[in-house]
Ligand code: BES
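So this first bit is one chain, no partners, the form predicted on its own, shown in structure tokens.
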Amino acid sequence: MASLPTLRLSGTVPAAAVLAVPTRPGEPTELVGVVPVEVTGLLAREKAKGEPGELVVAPAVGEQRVFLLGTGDASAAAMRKAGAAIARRAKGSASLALDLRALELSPEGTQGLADGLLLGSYGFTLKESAEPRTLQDITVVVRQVKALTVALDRAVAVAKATAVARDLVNTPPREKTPVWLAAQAKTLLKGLTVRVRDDRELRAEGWGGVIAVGMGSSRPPRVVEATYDGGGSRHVVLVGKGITFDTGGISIKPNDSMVTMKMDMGGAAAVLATLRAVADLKLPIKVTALACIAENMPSGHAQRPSDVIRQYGGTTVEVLNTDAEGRLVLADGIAYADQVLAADVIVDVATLTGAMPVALGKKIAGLFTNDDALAGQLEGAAERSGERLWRMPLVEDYRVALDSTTADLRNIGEPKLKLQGGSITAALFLREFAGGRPWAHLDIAGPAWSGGEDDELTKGGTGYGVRLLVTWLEELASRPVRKARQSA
């Protein structure tokens, strides 16, 4: 598993193997007594503009390497990019100091910087010959240490939770059974109320979607229900898709589409890690995380196309494609959140459809919701957290594509209608189980996985959703309660 460097604030510059000093567009950088060179000339020769993440090598001071680090307008986005750039450049060194006393660093900028420094230095490997992490200590030097401490502590808690989500996603599927993931959840959420339902309990209680998806595997499904109660009367339920590996089942995927499917539990990882961060931050809100966990495998025991299953709460579903399995496990969790937990707000998170990254690319999640106010809250949280999303339409005309002659619903749209819009019909399917409560669906199939290093992202699982959800829950905790059901 990965580890992150220690990150702290200080009012003085410590001895460090690497020193970074900020540069901004149109402003001189003062390094008198630090670097024996005329900085303006150096920046001019390098054609540096002080843009976020820009790095210029300055002459070393003894054994210390020195970099001029572009910080742009010092906004959260700019500092996130800058932090990631210098963290990667300093990976081979034991310690890093950033002398930012020349900046008016805001709490938001501090949080963005911490995201970049910590998540940009994340790495995951199972190599026995791998060397221990080199970069152990990062010090950010500022003028107002006390004023920024709360922001830094908050950012560190969220970054640690995001790293845990990345670890869970990056773990190979041979090890990552549903039982293993449920055990990891119990360890991660120690101190909270955690219940793990095994396959016998799931059958007895009627979790038909989870059972159907997991029945083809020799490794039985699990559902994790974990709650943090920070007080107040609002109850938020987060439902995460936890497919530990997705072959597609009988409707099997081609190999190229299967090689990254260890990440198909990214939604479950995100909601579990979010709950850990919410508890660590002691937010005044009640949050339950439901991780619906199964392995989707083909076998003589697997569900078949044209099977009819009964979801939690009784809705019947005609399964016409076993590779549209995520919505089946989520439907159970959403129905339980509505019918048993009586949630004030339900948000599900899932690597749900291949159509979503086709529409929005690999960096932006799709947002579907039946509640305009909830949409605005999540969009604002996305902007502040740096985890982008885009609201997509719940097109009512497409609902007819889910009609079945043998069950209440189909699990995929009727292809003869030629409506396409697979992500939309998937969201419309999930909406059927929310009971009219304020509900949002985050399709994270694009941003849950990164093909390489990109700002604070590293190759592999990204932990997408943790920063977004924590930011949203922080704001929601301060809002008045609104309990009215919404029309579906």
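Note that residue numbering begins at 1 and tracks the sequence as displayed. Bear in mind the structure is a predicted one, so any value in this text is a computation, not a measurement.
One more form of this protein, predicted in complex with the ligand, exists but is not displayed; see below.
Inset, instruction - State yes or no: in the predicted complex, is some non-hydrogen atom of T351 no more than 4.5 angstroms from a non-hydrogen atom of the ligand? - result: Output for T351 is yes: heavy atoms within 4.5 Å of the ligand.
Inset, instruction - Flag A381 as yes or no: does it have a non-hydrogen atom within 4.5 angstroms of any non-hydrogen atom of the ligand in the predicted complex? - result: Contact check for A381: no, nothing within 4.5 Å of the ligand in the predicted complex.
Legend entry - Q144, heavy atom within 4.5 angstroms of the ligand in the predicted complex: No, no contact at 4.5 Å.
Legend entry - 4.5 Å heavy atom contact, I250 and the ligand in the predicted complex: Close contact is absent here: in the predicted complex, I250 is far from the ligand, nothing within 4.5 Å, heavy atoms only.
Inset, instruction - Answer with one of D264, E295, E387, D115: the residue that has a non-hydrogen atom within 4.5 Å of the ligand in the predicted complex. - result: Selected residue: D264.
Inset, instruction - Go through A434, I424, L69, A445 and name the one with a heavy atom inside 4.5 Å of the ligand in the predicted complex. - result: Checking each option against the ligand in the predicted complex, the one that comes within 4.5 Å is A445.
Inset, instruction - With the ligand left out here, work out from 174-182, 323-331, 120-128, 283-291 which stretch has heavy atoms within 4.5 Å of it in the predicted complex. - result: Comparing against the ligand in the predicted complex, the contact stretch is 323-331.
Legend entry - Contact set, 406-442 vs the ligand in the predicted complex - heavy atom within 4.5 angstroms: Counting only heavy atoms within 4.5 Å of the ligand in the predicted complex, the single contacting residue of 406-442 is I412.
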